[in-house]
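Just the one chain here, laid out as C-alpha coordinates, in the form predicted on its own.
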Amino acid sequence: MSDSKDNTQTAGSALIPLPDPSPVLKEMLDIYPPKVARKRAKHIRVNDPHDVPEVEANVRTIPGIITQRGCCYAGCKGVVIGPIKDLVQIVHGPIGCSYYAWGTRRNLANQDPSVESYMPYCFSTDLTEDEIIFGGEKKLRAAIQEAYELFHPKAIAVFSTCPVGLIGDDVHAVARQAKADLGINVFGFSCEGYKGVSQSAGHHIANNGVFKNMVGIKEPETPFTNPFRINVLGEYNIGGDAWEIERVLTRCGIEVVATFSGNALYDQIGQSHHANLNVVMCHRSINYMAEMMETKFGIPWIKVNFIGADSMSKSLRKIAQYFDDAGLSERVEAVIAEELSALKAVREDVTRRCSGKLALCYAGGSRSHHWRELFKDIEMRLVSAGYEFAHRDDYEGSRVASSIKVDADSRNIEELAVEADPERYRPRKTQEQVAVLEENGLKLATYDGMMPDMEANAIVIDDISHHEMEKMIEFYKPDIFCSGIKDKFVIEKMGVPCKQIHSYDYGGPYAGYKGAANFYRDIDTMINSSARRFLKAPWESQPELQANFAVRPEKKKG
(Lines give C-alpha, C1' and ligand atoms only; values in the text may rest on other atoms or scores of the structure.)
Protein backbone atom coordinates (compact mmCIF):
# COMPACT_ATOMS: atom_id res chain seq x y z
CA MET A 1 0.00 0.00 0.00
CA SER A 2 1.31 3.39 -0.92
CA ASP A 3 0.77 4.95 2.49
CA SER A 4 2.06 2.10 4.63
CA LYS A 5 5.60 3.49 4.91
CA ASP A 6 4.28 6.85 6.15
CA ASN A 7 2.19 5.06 8.76
CA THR A 8 5.28 3.47 10.31
CA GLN A 9 7.39 6.58 10.88
CA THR A 10 8.23 7.76 14.36
CA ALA A 11 6.37 10.55 16.12
CA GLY A 12 8.79 11.96 18.67
CA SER A 13 10.01 9.03 20.73
CA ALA A 14 6.87 6.92 20.13
CA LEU A 15 6.38 4.50 17.27
CA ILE A 16 3.22 4.94 15.25
CA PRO A 17 1.50 1.55 15.09
CA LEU A 18 2.05 -0.61 12.04
CA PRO A 19 -0.81 -0.67 9.52
CA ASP A 20 -3.50 -3.33 9.49
CA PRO A 21 -2.02 -6.08 7.25
CA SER A 22 -5.37 -7.69 6.40
CA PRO A 23 -5.39 -6.52 2.75
CA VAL A 24 -2.00 -8.05 1.94
CA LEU A 25 -2.84 -11.29 3.75
CA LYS A 26 -5.94 -11.64 1.58
CA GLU A 27 -3.94 -10.97 -1.60
CA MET A 28 -1.35 -13.54 -0.58
CA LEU A 29 -3.83 -16.33 -0.04
CA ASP A 30 -6.41 -15.61 -2.76
CA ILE A 31 -4.13 -16.91 -5.52
CA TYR A 32 -3.88 -20.39 -3.96
CA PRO A 33 -6.38 -23.25 -4.39
CA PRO A 34 -8.66 -23.45 -1.29
CA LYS A 35 -6.85 -26.40 0.30
CA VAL A 36 -3.43 -24.81 -0.18
CA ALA A 37 -4.71 -21.46 1.10
CA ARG A 38 -5.94 -23.10 4.31
CA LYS A 39 -2.54 -24.71 4.86
CA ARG A 40 -0.53 -21.56 4.10
CA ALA A 41 -2.77 -19.46 6.35
CA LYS A 42 -1.48 -21.44 9.34
CA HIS A 43 2.09 -20.35 8.49
CA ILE A 44 1.24 -16.63 8.30
CA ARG A 45 0.41 -14.77 11.50
CA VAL A 46 -0.21 -11.17 12.50
CA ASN A 47 1.92 -10.74 15.59
CA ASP A 48 0.67 -9.86 19.04
CA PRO A 49 3.66 -9.74 21.42
CA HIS A 50 1.38 -9.93 24.48
CA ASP A 51 -0.63 -12.90 23.27
CA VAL A 52 1.64 -14.70 20.82
CA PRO A 53 -0.40 -16.60 18.20
CA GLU A 54 0.40 -20.18 17.25
CA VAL A 55 2.26 -20.52 13.96
CA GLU A 56 2.58 -23.68 11.87
CA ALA A 57 6.22 -24.68 11.31
CA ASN A 58 8.48 -27.63 10.49
CA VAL A 59 6.07 -29.27 8.06
CA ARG A 60 6.66 -30.18 4.44
CA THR A 61 6.60 -27.41 1.87
CA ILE A 62 3.54 -27.68 -0.38
CA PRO A 63 4.57 -29.01 -3.81
CA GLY A 64 4.64 -26.29 -6.45
CA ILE A 65 5.45 -23.47 -4.03
CA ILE A 66 8.93 -22.03 -4.48
CA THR A 67 10.66 -22.32 -1.11
CA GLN A 68 13.97 -20.97 0.20
CA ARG A 69 14.67 -24.14 2.18
CA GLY A 70 17.67 -26.44 1.84
CA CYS A 71 17.94 -30.20 2.31
CA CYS A 72 18.96 -32.42 5.21
CA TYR A 73 22.46 -32.92 3.78
CA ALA A 74 22.90 -29.14 3.51
CA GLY A 75 22.06 -28.71 7.19
CA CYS A 76 24.42 -31.49 8.32
CA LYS A 77 27.47 -31.13 6.09
CA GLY A 78 27.02 -27.58 4.85
CA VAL A 79 26.16 -25.88 8.14
CA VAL A 80 27.17 -27.74 11.29
CA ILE A 81 30.12 -29.96 10.33
CA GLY A 82 31.59 -27.98 7.43
CA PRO A 83 33.41 -25.33 9.53
CA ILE A 84 35.48 -27.93 11.46
CA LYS A 85 38.72 -27.22 9.68
CA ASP A 86 40.98 -30.17 10.57
CA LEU A 87 38.39 -32.87 9.94
CA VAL A 88 38.53 -34.60 6.54
CA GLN A 89 34.93 -34.66 5.29
CA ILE A 90 34.09 -37.06 2.48
CA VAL A 91 30.79 -36.68 0.67
CA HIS A 92 29.53 -40.03 -0.55
CA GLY A 93 27.50 -39.16 -3.60
CA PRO A 94 27.53 -37.32 -6.93
CA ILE A 95 29.95 -34.42 -7.30
CA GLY A 96 27.21 -31.77 -7.39
CA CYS A 97 26.37 -32.37 -3.73
CA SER A 98 30.04 -31.99 -2.81
CA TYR A 99 30.33 -28.72 -4.67
CA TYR A 100 27.32 -27.26 -2.86
CA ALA A 101 28.76 -27.91 0.59
CA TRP A 102 32.25 -26.78 -0.34
CA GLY A 103 31.87 -23.79 -2.58
CA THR A 104 28.87 -21.79 -1.38
CA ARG A 105 29.37 -20.88 2.30
CA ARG A 106 31.84 -18.41 3.79
CA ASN A 107 32.91 -20.29 6.94
CA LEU A 108 36.27 -18.61 7.46
CA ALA A 109 39.15 -20.33 9.29
CA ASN A 110 42.54 -19.28 10.64
CA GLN A 111 45.44 -20.68 8.64
CA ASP A 112 47.78 -21.87 11.40
CA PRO A 113 50.96 -23.56 10.04
CA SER A 114 50.88 -26.00 12.97
CA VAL A 115 47.35 -27.18 12.16
CA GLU A 116 46.16 -28.88 9.00
CA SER A 117 43.14 -27.18 7.46
CA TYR A 118 41.15 -29.22 4.96
CA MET A 119 38.55 -26.56 4.26
CA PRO A 120 40.10 -25.60 0.89
CA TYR A 121 39.60 -29.20 -0.29
CA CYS A 122 36.53 -30.91 -1.70
CA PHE A 123 36.49 -34.63 -0.85
CA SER A 124 33.97 -36.70 -2.78
CA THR A 125 33.48 -40.26 -3.95
CA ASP A 126 31.96 -38.79 -7.14
CA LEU A 127 29.41 -41.55 -7.63
CA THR A 128 28.58 -42.31 -11.25
CA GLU A 129 25.93 -44.48 -12.90
CA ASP A 130 27.97 -47.65 -12.33
CA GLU A 131 28.09 -47.16 -8.56
CA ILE A 132 24.44 -46.13 -8.40
CA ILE A 133 23.53 -49.43 -10.09
CA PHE A 134 26.04 -51.81 -8.49
CA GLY A 135 26.72 -50.08 -5.15
CA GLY A 136 29.33 -47.57 -4.01
CA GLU A 137 30.74 -49.03 -0.77
CA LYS A 138 33.91 -50.25 -2.48
CA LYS A 139 34.56 -46.78 -3.86
CA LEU A 140 33.93 -45.23 -0.43
CA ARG A 141 36.45 -47.59 1.23
CA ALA A 142 39.03 -46.63 -1.39
CA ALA A 143 38.32 -42.92 -0.87
CA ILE A 144 38.82 -43.16 2.90
CA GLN A 145 42.09 -45.08 2.40
CA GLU A 146 43.34 -42.54 -0.14
CA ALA A 147 42.46 -39.56 2.09
CA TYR A 148 44.29 -41.18 5.00
CA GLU A 149 47.42 -41.89 2.97
CA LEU A 150 47.53 -38.35 1.56
CA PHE A 151 46.77 -36.34 4.71
CA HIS A 152 46.98 -38.58 7.84
CA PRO A 153 44.16 -36.67 9.55
CA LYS A 154 43.00 -37.13 13.15
CA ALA A 155 39.53 -38.08 11.98
CA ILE A 156 37.41 -38.61 8.86
CA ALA A 157 33.67 -37.99 8.54
CA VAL A 158 31.48 -39.46 5.78
CA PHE A 159 28.19 -37.94 4.60
CA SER A 160 25.40 -39.78 2.78
CA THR A 161 23.52 -38.06 -0.04
CA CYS A 162 20.15 -38.95 -1.59
CA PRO A 163 21.31 -41.72 -3.99
CA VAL A 164 23.25 -43.42 -1.20
CA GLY A 165 20.13 -43.76 0.90
CA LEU A 166 18.16 -45.03 -2.07
CA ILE A 167 20.65 -47.75 -3.08
CA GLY A 168 21.35 -48.80 0.52
CA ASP A 169 25.11 -48.23 0.92
CA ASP A 170 25.97 -48.70 4.62
CA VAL A 171 28.35 -45.82 5.32
CA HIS A 172 28.42 -46.66 9.03
CA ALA A 173 29.68 -50.20 8.45
CA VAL A 174 32.36 -48.89 6.09
CA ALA A 175 33.35 -46.23 8.64
CA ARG A 176 33.61 -48.77 11.49
CA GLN A 177 35.85 -51.03 9.43
CA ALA A 178 38.04 -48.10 8.36
CA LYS A 179 38.33 -46.97 11.98
CA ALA A 180 39.56 -50.42 12.97
CA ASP A 181 41.99 -50.64 10.02
CA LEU A 182 43.45 -47.13 10.20
CA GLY A 183 43.43 -46.52 13.94
CA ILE A 184 41.80 -43.09 13.65
CA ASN A 185 38.26 -41.91 14.31
CA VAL A 186 36.06 -42.51 11.25
CA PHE A 187 32.32 -41.99 11.49
CA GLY A 188 29.33 -41.52 9.19
CA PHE A 189 26.21 -39.38 8.95
CA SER A 190 22.96 -40.68 7.45
CA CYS A 191 21.99 -37.23 6.23
CA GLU A 192 20.38 -38.03 2.89
CA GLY A 193 18.86 -34.87 1.47
CA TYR A 194 15.29 -36.14 1.50
CA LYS A 195 15.20 -36.82 5.26
CA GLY A 196 13.06 -34.48 7.31
CA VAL A 197 11.27 -31.45 5.87
CA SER A 198 14.27 -29.12 5.57
CA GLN A 199 17.89 -28.58 6.59
CA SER A 200 16.70 -28.62 10.21
CA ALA A 201 16.73 -32.42 10.11
CA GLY A 202 20.39 -32.28 9.07
CA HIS A 203 21.21 -30.05 12.05
CA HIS A 204 19.69 -32.60 14.39
CA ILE A 205 21.55 -35.50 12.75
CA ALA A 206 24.81 -33.52 12.88
CA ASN A 207 24.30 -32.73 16.57
CA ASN A 208 23.80 -36.41 17.32
CA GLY A 209 26.90 -37.43 15.35
CA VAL A 210 29.15 -34.78 16.87
CA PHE A 211 27.92 -35.62 20.36
CA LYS A 212 28.50 -39.36 19.93
CA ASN A 213 31.82 -39.21 18.08
CA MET A 214 33.58 -36.00 19.13
CA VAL A 215 32.35 -34.35 22.33
CA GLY A 216 34.21 -35.53 25.43
CA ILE A 217 36.69 -37.82 23.69
CA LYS A 218 39.81 -35.79 24.58
CA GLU A 219 41.34 -34.44 27.75
CA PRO A 220 43.42 -31.23 27.57
CA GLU A 221 47.20 -31.55 27.73
CA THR A 222 47.27 -28.60 30.13
CA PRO A 223 44.37 -28.36 32.59
CA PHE A 224 42.05 -25.37 32.20
CA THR A 225 42.50 -22.80 34.97
CA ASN A 226 40.21 -19.94 33.97
CA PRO A 227 36.86 -20.51 35.75
CA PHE A 228 35.04 -18.35 33.19
CA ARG A 229 35.03 -21.00 30.45
CA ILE A 230 32.31 -21.24 27.82
CA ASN A 231 31.43 -22.98 24.58
CA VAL A 232 29.80 -20.85 21.88
CA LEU A 233 27.14 -23.00 20.20
CA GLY A 234 25.46 -22.20 16.89
CA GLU A 235 28.10 -19.79 15.57
CA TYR A 236 29.66 -20.70 12.20
CA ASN A 237 32.12 -17.85 11.56
CA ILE A 238 30.39 -16.55 8.45
CA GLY A 239 32.48 -13.59 7.33
CA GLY A 240 34.61 -13.85 10.49
CA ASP A 241 31.85 -13.44 13.12
CA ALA A 242 33.40 -15.94 15.55
CA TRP A 243 36.71 -14.06 15.56
CA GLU A 244 35.03 -10.81 16.54
CA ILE A 245 32.97 -12.53 19.24
CA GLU A 246 36.06 -14.21 20.68
CA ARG A 247 37.98 -10.91 20.60
CA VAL A 248 35.40 -9.26 22.85
CA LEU A 249 35.05 -12.29 25.15
CA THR A 250 38.83 -12.49 25.57
CA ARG A 251 38.94 -8.78 26.50
CA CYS A 252 36.40 -9.54 29.23
CA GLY A 253 38.48 -12.43 30.58
CA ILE A 254 36.11 -15.12 29.31
CA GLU A 255 37.77 -18.17 27.71
CA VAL A 256 36.20 -19.93 24.74
CA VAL A 257 36.88 -23.67 24.96
CA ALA A 258 35.20 -24.46 21.63
CA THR A 259 32.98 -22.86 19.03
CA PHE A 260 30.43 -25.19 17.45
CA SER A 261 31.59 -25.00 14.83
CA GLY A 262 33.01 -21.79 13.37
CA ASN A 263 36.79 -21.95 12.92
CA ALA A 264 36.63 -25.09 15.04
CA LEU A 265 39.28 -27.72 15.69
CA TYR A 266 38.54 -31.39 16.21
CA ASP A 267 40.40 -31.44 19.56
CA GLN A 268 38.62 -28.32 20.82
CA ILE A 269 35.26 -30.01 20.38
CA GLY A 270 36.72 -33.16 21.95
CA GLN A 271 37.49 -31.31 25.17
CA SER A 272 34.42 -29.04 25.16
CA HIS A 273 33.00 -30.91 28.17
CA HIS A 274 35.38 -28.85 30.32
CA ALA A 275 33.39 -25.64 29.76
CA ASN A 276 31.34 -24.26 32.63
CA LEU A 277 28.61 -22.72 30.46
CA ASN A 278 27.22 -23.18 26.96
CA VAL A 279 25.93 -20.06 25.22
CA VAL A 280 23.57 -20.70 22.32
CA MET A 281 23.44 -18.42 19.28
CA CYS A 282 21.48 -20.16 16.48
CA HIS A 283 18.90 -21.96 18.60
CA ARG A 284 17.45 -24.23 15.93
CA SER A 285 20.74 -25.65 14.68
CA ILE A 286 22.28 -26.51 18.05
CA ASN A 287 19.71 -26.65 20.89
CA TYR A 288 19.95 -30.46 20.80
CA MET A 289 23.66 -30.27 21.64
CA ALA A 290 23.10 -27.87 24.54
CA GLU A 291 20.48 -30.16 26.08
CA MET A 292 22.56 -33.33 25.65
CA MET A 293 25.70 -31.74 27.14
CA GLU A 294 23.71 -30.54 30.14
CA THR A 295 22.30 -34.03 30.71
CA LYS A 296 25.62 -35.85 30.34
CA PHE A 297 28.13 -33.38 31.81
CA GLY A 298 26.07 -30.93 33.87
CA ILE A 299 26.86 -27.85 31.75
CA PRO A 300 23.95 -25.35 31.80
CA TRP A 301 23.07 -23.26 28.75
CA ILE A 302 21.65 -19.82 28.11
CA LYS A 303 20.36 -18.19 24.92
CA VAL A 304 22.45 -15.22 23.79
CA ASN A 305 22.69 -12.96 20.77
CA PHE A 306 26.05 -11.50 19.75
CA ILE A 307 24.51 -9.78 16.69
CA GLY A 308 23.88 -6.07 17.38
CA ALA A 309 25.67 -3.71 19.76
CA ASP A 310 22.95 -3.53 22.41
CA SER A 311 22.27 -7.27 22.25
CA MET A 312 26.01 -8.00 22.50
CA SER A 313 26.15 -5.92 25.67
CA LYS A 314 23.08 -7.67 27.06
CA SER A 315 24.61 -11.10 26.34
CA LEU A 316 27.92 -10.21 27.99
CA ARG A 317 26.04 -9.11 31.09
CA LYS A 318 24.08 -12.37 31.12
CA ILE A 319 27.33 -14.36 31.07
CA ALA A 320 28.79 -12.23 33.88
CA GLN A 321 25.60 -12.65 35.90
CA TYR A 322 25.80 -16.43 35.48
CA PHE A 323 29.36 -16.62 36.82
CA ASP A 324 28.47 -14.24 39.68
CA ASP A 325 31.94 -12.73 40.04
CA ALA A 326 32.39 -9.03 40.89
CA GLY A 327 35.72 -8.79 39.09
CA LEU A 328 34.30 -10.30 35.90
CA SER A 329 31.26 -8.00 36.00
CA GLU A 330 33.52 -4.99 36.41
CA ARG A 331 35.66 -6.00 33.40
CA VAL A 332 32.56 -6.66 31.31
CA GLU A 333 31.16 -3.21 32.06
CA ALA A 334 34.49 -1.58 31.24
CA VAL A 335 34.72 -3.42 27.91
CA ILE A 336 31.11 -2.55 27.02
CA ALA A 337 31.73 1.13 27.77
CA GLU A 338 34.89 1.22 25.64
CA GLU A 339 33.38 -0.67 22.72
CA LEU A 340 30.19 1.40 22.68
CA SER A 341 32.22 4.60 22.89
CA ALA A 342 34.26 3.57 19.84
CA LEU A 343 31.04 2.66 18.00
CA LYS A 344 29.09 5.80 18.94
CA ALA A 345 30.10 8.07 16.06
CA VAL A 346 29.29 5.67 13.22
CA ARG A 347 26.08 4.52 14.93
CA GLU A 348 24.79 8.07 15.35
CA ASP A 349 25.82 9.03 11.83
CA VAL A 350 24.03 6.08 10.22
CA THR A 351 20.99 6.39 12.50
CA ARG A 352 20.48 9.95 11.28
CA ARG A 353 19.91 8.64 7.73
CA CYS A 354 18.29 5.27 8.47
CA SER A 355 15.92 6.01 11.35
CA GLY A 356 12.36 5.01 10.49
CA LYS A 357 13.34 2.96 7.45
CA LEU A 358 11.61 -0.39 6.97
CA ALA A 359 13.16 -3.85 6.72
CA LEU A 360 11.90 -7.34 5.92
CA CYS A 361 13.97 -10.33 7.03
CA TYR A 362 13.61 -14.04 6.25
CA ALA A 363 16.53 -16.18 7.34
CA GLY A 364 17.36 -19.51 8.92
CA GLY A 365 17.77 -20.53 12.55
CA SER A 366 17.11 -17.71 15.00
CA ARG A 367 18.95 -15.30 12.73
CA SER A 368 15.95 -13.14 11.77
CA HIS A 369 15.59 -12.43 15.47
CA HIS A 370 19.29 -11.53 15.63
CA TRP A 371 19.13 -9.16 12.68
CA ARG A 372 16.20 -7.36 14.26
CA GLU A 373 18.59 -6.19 16.96
CA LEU A 374 21.01 -4.70 14.42
CA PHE A 375 18.20 -2.79 12.74
CA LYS A 376 16.94 -1.67 16.13
CA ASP A 377 20.41 -0.24 16.90
CA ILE A 378 19.95 2.27 14.06
CA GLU A 379 16.23 2.83 14.69
CA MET A 380 14.99 0.86 11.69
CA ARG A 381 11.83 -1.22 11.98
CA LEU A 382 11.51 -4.89 11.13
CA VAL A 383 7.92 -5.04 9.93
CA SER A 384 7.91 -8.67 8.82
CA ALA A 385 10.14 -11.66 9.49
CA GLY A 386 10.25 -15.42 9.36
CA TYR A 387 12.43 -18.49 9.15
CA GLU A 388 13.13 -21.08 6.50
CA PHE A 389 13.35 -24.14 8.72
CA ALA A 390 12.18 -23.17 12.20
CA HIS A 391 10.07 -25.12 14.66
CA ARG A 392 7.29 -23.52 16.66
CA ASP A 393 9.51 -22.89 19.68
CA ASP A 394 11.80 -20.69 17.55
CA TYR A 395 8.83 -18.41 16.99
CA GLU A 396 6.82 -18.76 20.18
CA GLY A 397 9.50 -19.75 22.71
CA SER A 398 10.44 -22.81 24.72
CA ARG A 399 7.14 -22.68 26.61
CA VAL A 400 5.42 -24.43 23.67
CA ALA A 401 8.07 -27.12 23.11
CA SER A 402 6.28 -29.78 25.15
CA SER A 403 3.04 -29.25 23.23
CA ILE A 404 4.55 -29.64 19.75
CA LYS A 405 3.24 -32.79 18.08
CA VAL A 406 6.03 -35.04 16.75
CA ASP A 407 5.23 -35.93 13.16
CA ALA A 408 6.40 -38.86 11.03
CA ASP A 409 9.24 -36.88 9.45
CA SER A 410 10.70 -36.00 12.84
CA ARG A 411 10.40 -39.58 14.05
CA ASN A 412 12.79 -40.61 11.28
CA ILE A 413 15.58 -38.79 13.14
CA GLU A 414 17.29 -40.71 15.92
CA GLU A 415 16.72 -39.41 19.45
CA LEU A 416 19.77 -40.28 21.55
CA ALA A 417 19.23 -41.77 24.99
CA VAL A 418 21.59 -39.58 27.03
CA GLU A 419 22.40 -40.20 30.68
CA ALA A 420 24.65 -38.51 33.20
CA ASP A 421 28.28 -39.57 32.79
CA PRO A 422 29.12 -41.60 35.93
CA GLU A 423 32.60 -40.08 36.20
CA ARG A 424 32.43 -36.69 34.50
CA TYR A 425 28.96 -35.36 35.34
CA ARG A 426 29.39 -32.26 37.47
CA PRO A 427 26.53 -29.80 37.95
CA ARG A 428 28.03 -26.32 37.54
CA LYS A 429 25.26 -24.76 39.62
CA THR A 430 23.29 -26.02 42.60
CA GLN A 431 19.51 -25.94 42.60
CA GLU A 432 19.64 -23.00 45.02
CA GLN A 433 22.03 -21.05 42.76
CA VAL A 434 19.81 -21.68 39.73
CA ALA A 435 16.78 -20.44 41.68
CA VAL A 436 18.61 -17.22 42.61
CA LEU A 437 19.67 -16.62 39.01
CA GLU A 438 16.13 -17.08 37.76
CA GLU A 439 14.76 -14.82 40.50
CA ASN A 440 17.14 -12.14 39.22
CA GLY A 441 15.91 -12.56 35.65
CA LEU A 442 18.49 -14.93 34.12
CA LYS A 443 16.66 -17.83 32.50
CA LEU A 444 18.60 -21.06 31.97
CA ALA A 445 17.79 -23.64 29.29
CA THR A 446 15.10 -21.56 27.65
CA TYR A 447 14.47 -19.33 24.64
CA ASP A 448 11.68 -16.76 24.55
CA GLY A 449 11.38 -16.91 20.77
CA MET A 450 11.19 -14.22 18.10
CA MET A 451 7.54 -13.21 18.22
CA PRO A 452 7.44 -11.70 21.73
CA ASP A 453 10.16 -9.27 20.60
CA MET A 454 8.39 -8.18 17.40
CA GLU A 455 5.95 -5.30 17.11
CA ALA A 456 2.18 -5.68 17.15
CA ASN A 457 0.77 -6.08 13.62
CA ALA A 458 4.13 -7.21 12.24
CA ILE A 459 3.66 -10.18 9.91
CA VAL A 460 5.39 -13.46 10.73
CA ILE A 461 5.72 -15.89 7.80
CA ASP A 462 7.16 -19.38 8.06
CA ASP A 463 8.78 -20.86 4.93
CA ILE A 464 7.86 -17.84 2.78
CA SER A 465 7.19 -18.42 -0.92
CA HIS A 466 8.23 -16.15 -3.79
CA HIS A 467 4.63 -15.09 -4.36
CA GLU A 468 4.20 -14.10 -0.71
CA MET A 469 7.53 -12.29 -0.75
CA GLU A 470 6.48 -10.21 -3.75
CA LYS A 471 3.19 -9.25 -2.08
CA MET A 472 5.07 -8.15 1.05
CA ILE A 473 7.30 -5.91 -1.06
CA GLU A 474 4.31 -4.39 -2.84
CA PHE A 475 2.54 -3.70 0.47
CA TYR A 476 5.36 -2.34 2.63
CA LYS A 477 7.67 -0.94 -0.07
CA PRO A 478 10.60 -1.73 2.27
CA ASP A 479 13.90 0.08 2.19
CA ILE A 480 15.83 -3.17 2.48
CA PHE A 481 15.13 -6.90 2.30
CA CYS A 482 17.31 -9.50 4.05
CA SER A 483 17.19 -13.08 2.84
CA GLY A 484 19.19 -15.82 1.11
CA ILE A 485 20.76 -16.29 -2.29
CA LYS A 486 17.80 -18.11 -3.86
CA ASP A 487 15.60 -15.03 -3.83
CA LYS A 488 18.18 -12.21 -3.75
CA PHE A 489 18.03 -11.34 -7.43
CA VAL A 490 14.24 -11.65 -7.64
CA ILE A 491 14.04 -9.00 -4.91
CA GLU A 492 16.56 -6.69 -6.54
CA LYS A 493 14.69 -6.89 -9.86
CA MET A 494 11.76 -5.43 -7.95
CA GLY A 495 13.92 -2.40 -7.13
CA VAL A 496 14.58 -3.24 -3.48
CA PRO A 497 18.15 -3.63 -2.12
CA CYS A 498 18.68 -7.16 -0.81
CA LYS A 499 21.24 -8.05 1.85
CA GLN A 500 22.14 -11.72 1.51
CA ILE A 501 22.49 -12.76 5.15
CA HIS A 502 23.39 -16.43 4.73
CA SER A 503 26.93 -15.62 3.59
CA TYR A 504 26.91 -11.81 3.84
CA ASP A 505 27.55 -11.06 0.15
CA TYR A 506 31.30 -11.11 0.87
CA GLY A 507 30.82 -8.61 3.70
CA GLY A 508 31.18 -9.02 7.44
CA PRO A 509 31.89 -9.75 10.13
CA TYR A 510 28.57 -8.48 11.47
CA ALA A 511 28.77 -9.89 15.01
CA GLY A 512 30.00 -7.96 18.03
CA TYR A 513 30.77 -4.25 18.12
CA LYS A 514 33.10 -3.97 15.14
CA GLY A 515 30.74 -6.20 13.21
CA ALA A 516 27.84 -3.90 14.09
CA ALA A 517 29.77 -0.95 12.64
CA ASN A 518 30.33 -2.94 9.43
CA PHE A 519 26.61 -3.70 9.21
CA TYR A 520 25.52 -0.11 9.85
CA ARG A 521 27.77 1.17 7.07
CA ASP A 522 26.74 -1.56 4.61
CA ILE A 523 23.02 -1.01 5.21
CA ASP A 524 23.44 2.76 5.00
CA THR A 525 25.23 2.40 1.66
CA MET A 526 22.59 0.05 0.26
CA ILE A 527 19.61 2.14 1.35
CA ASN A 528 20.92 5.64 0.73
CA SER A 529 23.15 5.19 -2.30
CA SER A 530 22.08 7.27 -5.29
CA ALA A 531 23.47 4.68 -7.73
CA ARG A 532 20.12 2.90 -8.14
CA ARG A 533 18.51 6.05 -9.57
CA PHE A 534 20.87 5.85 -12.56
CA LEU A 535 20.06 2.22 -13.35
CA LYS A 536 17.43 1.19 -15.85
CA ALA A 537 16.09 -2.30 -16.23
CA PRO A 538 16.22 -3.60 -19.82
CA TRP A 539 12.42 -3.67 -20.12
CA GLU A 540 12.22 0.08 -19.37
CA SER A 541 13.83 0.95 -22.70
CA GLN A 542 13.17 -2.17 -24.80
CA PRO A 543 10.11 -4.30 -25.48
CA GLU A 544 9.72 -7.12 -22.98
CA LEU A 545 9.08 -9.74 -25.66
CA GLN A 546 10.44 -10.07 -29.18
CA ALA A 547 9.83 -13.00 -31.47
CA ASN A 548 10.22 -14.14 -35.06
CA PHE A 549 8.79 -17.20 -36.77
CA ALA A 550 11.44 -19.83 -37.32
CA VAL A 551 9.12 -21.36 -39.94
CA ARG A 552 6.13 -19.36 -41.15
CA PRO A 553 2.93 -21.37 -40.76
CA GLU A 554 1.14 -22.20 -43.97
CA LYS A 555 -2.28 -20.67 -44.45
CA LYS A 556 -5.09 -23.15 -44.24
CA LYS A 557 -6.86 -23.73 -47.52
CA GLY A 558 -10.55 -23.15 -47.76
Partner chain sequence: MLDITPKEIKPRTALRINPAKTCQPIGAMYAALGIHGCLPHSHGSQGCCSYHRMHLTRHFKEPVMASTSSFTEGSSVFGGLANLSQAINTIFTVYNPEVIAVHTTCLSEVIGDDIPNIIAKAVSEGTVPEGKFVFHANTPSFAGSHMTGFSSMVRAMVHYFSEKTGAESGQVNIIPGFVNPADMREIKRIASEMGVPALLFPDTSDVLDTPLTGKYDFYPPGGVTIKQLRTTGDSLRTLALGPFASEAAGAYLDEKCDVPCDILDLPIGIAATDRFVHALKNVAAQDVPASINYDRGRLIDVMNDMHRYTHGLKVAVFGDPDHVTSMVEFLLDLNMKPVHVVTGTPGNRFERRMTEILEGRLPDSNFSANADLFLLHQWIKNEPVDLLIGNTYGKYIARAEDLPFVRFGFPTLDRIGHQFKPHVGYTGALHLLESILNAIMDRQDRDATDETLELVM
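Keep in mind the model is a prediction, meaning the values are calculated, not measured. Residue numbers count along the first chain shown, from 1.
One more form of this protein should be noted, the form predicted in complex with its partner chain, which is absent from this view; the next part is about it.
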Practice task
Give a yes/no on whether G449 approaches its partner chain to within 4.5 Å in the predicted complex, heavy atoms considered.
Solution key: no
Handout entry: Heavy atom of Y32 within 4.5 Å of its partner chain in the predicted complex
Key = yes
Exercise for the section: Find out whether any non-hydrogen atom of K139 is located within 4.5 angstroms of its partner chain in the predicted complex, and reply yes or no. Expected result: yes
Problem - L182 within 4.5 Å of its partner chain in the predicted complex, heavy atoms - result: no
Practice task
Could you tell me which stretch in 355-363, 281-289, 92-100, 450-458 has residues with non-hydrogen atoms within 4.5 Å of its partner chain in the predicted complex?
Solution key: 92-100
Practice task
Could you tell me which one of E246, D267, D126, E294 places a heavy atom within 4.5 Å of its partner chain in the predicted complex?
Solution key: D126
Handout entry: Sole residue of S117, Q177, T250, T351 within 4.5 Å of its partner chain in the predicted complex, by heavy atom
Key = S117
Practice task
Just give me the residues of 173-211, first to last, that have a heavy atom within 4.5 Å of its partner chain in the predicted complex.
Solution key: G193, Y194, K195, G196, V197, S198
